[in-house]
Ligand code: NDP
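Next up: a single chain in structure tokens, the form predicted on its own.
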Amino acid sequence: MPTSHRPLRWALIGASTIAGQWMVGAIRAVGDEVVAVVSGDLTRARDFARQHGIAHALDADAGLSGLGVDAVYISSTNEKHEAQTLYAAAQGWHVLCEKPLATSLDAARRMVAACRSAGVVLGTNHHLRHNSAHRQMRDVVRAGTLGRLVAARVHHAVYLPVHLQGWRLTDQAAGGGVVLDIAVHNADSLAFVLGEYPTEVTAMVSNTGMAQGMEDHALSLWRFASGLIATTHQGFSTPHARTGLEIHGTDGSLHGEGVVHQAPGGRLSLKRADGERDLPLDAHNLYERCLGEFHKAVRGEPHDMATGESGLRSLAVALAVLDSARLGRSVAVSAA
């Protein structure tokens, strides 16, 4: 879905699965260009570039100088995000970074501050907020159709595909584990729909034998300043679980089924005293919509992109979940 804007020239930092499956096509679909891919493994970078028709394959960010780059998409392992973002900001390039934004709040704060100081856009690739169901849920909530909001539920336990069963299950220093991988999405989805982040979390985690030395399942309760309480479930080892997002109020409930995936689709229904009806969903590509919102941010227009600050706040929630599970008590959430 082409948009009216000056095309951006993108470099991919990280020859990742998500870059290949989703981002290359989305960048080109909105009229932008992918000019280079960077990977610490030059052979991997060259294979990725050949597969996707990208002109330049590099093994270091510094090689991007002189290629006319406007923006970078960072999808390296999480512990590398900070240094790569700081480098891009210093070059004056806009940044779209994968979630979690970083592995610590201090690192995320430095990323936000560096991009702000450089006058470049920092976005966090929380793609789920670009699902049609999430956007309609936000509209229904804003309209007051559900009455006073009392509860929410996110069920986001899946089966981690075999081709992704690498560092996410084995490397805690890289930000592995299901909480940093999925709970950040749940935090952003609820914030997008509800307009607020939780202030307190209580959590338990478990290891079902899939991950090594870290959690592969987590259940938690999140309390919001408005009084709403949410339950969240994220997991890596449930191939037959149903996923979804629910919002419940005194006058109605929203039930979203299959709406926390990378692809569009799913089902959204609104149930009230007068009955239940399905709300129609569009089939727009979530990543193309994200890039459209990124362009709005670059132009200084109102947008729905998850900013760097959004990424910081969703990271704060995920880290509080891990702290709560470790300490065995409720933990306050603070991104300050």
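Just count from 1 along the sequence shown to find any residue number. Worth saying up front: this structure is predicted, and the values here are computed from it rather than measured.
Beyond what is shown, the protein has a form predicted together with the named molecule; the following relates to that form.
- Residue R168 is the only one of H217, H155, H94, R168 with a heavy atom lying within 4.5 Å of the named molecule in the predicted bound form.
- Of the candidates S189, Q234, N131, N78, N78 is the one whose heavy atoms come within 4.5 Å of the named molecule in the predicted bound form; the others do not.
- For the chain shown alone, D41 is a contact residue for the named molecule in the predicted bound form, at least one non-hydrogen atom being within 4.5 angstroms.
- Shown alone here, D181 lies within 4.5 Å of the named molecule in the predicted bound form, counting heavy atoms only.
- When the named molecule is considered in the predicted bound form, Q262 lines it closely, a heavy atom lying within 4.5 Å.
- A residue is said to contact a partner when one of its heavy atoms sits within 4.5 Å of a partner heavy atom; V317 fails this definition for the named molecule in the predicted bound form, lying far away.
- From the list 250-258, 145-153, 195-203, 68-76, the contact stretch for the named molecule in the predicted bound form under a 4.5 Å heavy atom rule is 68-76.
- Using a 4.5 Å cut-off on any heavy atom, the residues of 15-30 that reach the named molecule in the predicted bound form are, in sequence order, A15, S16, T17, I18.
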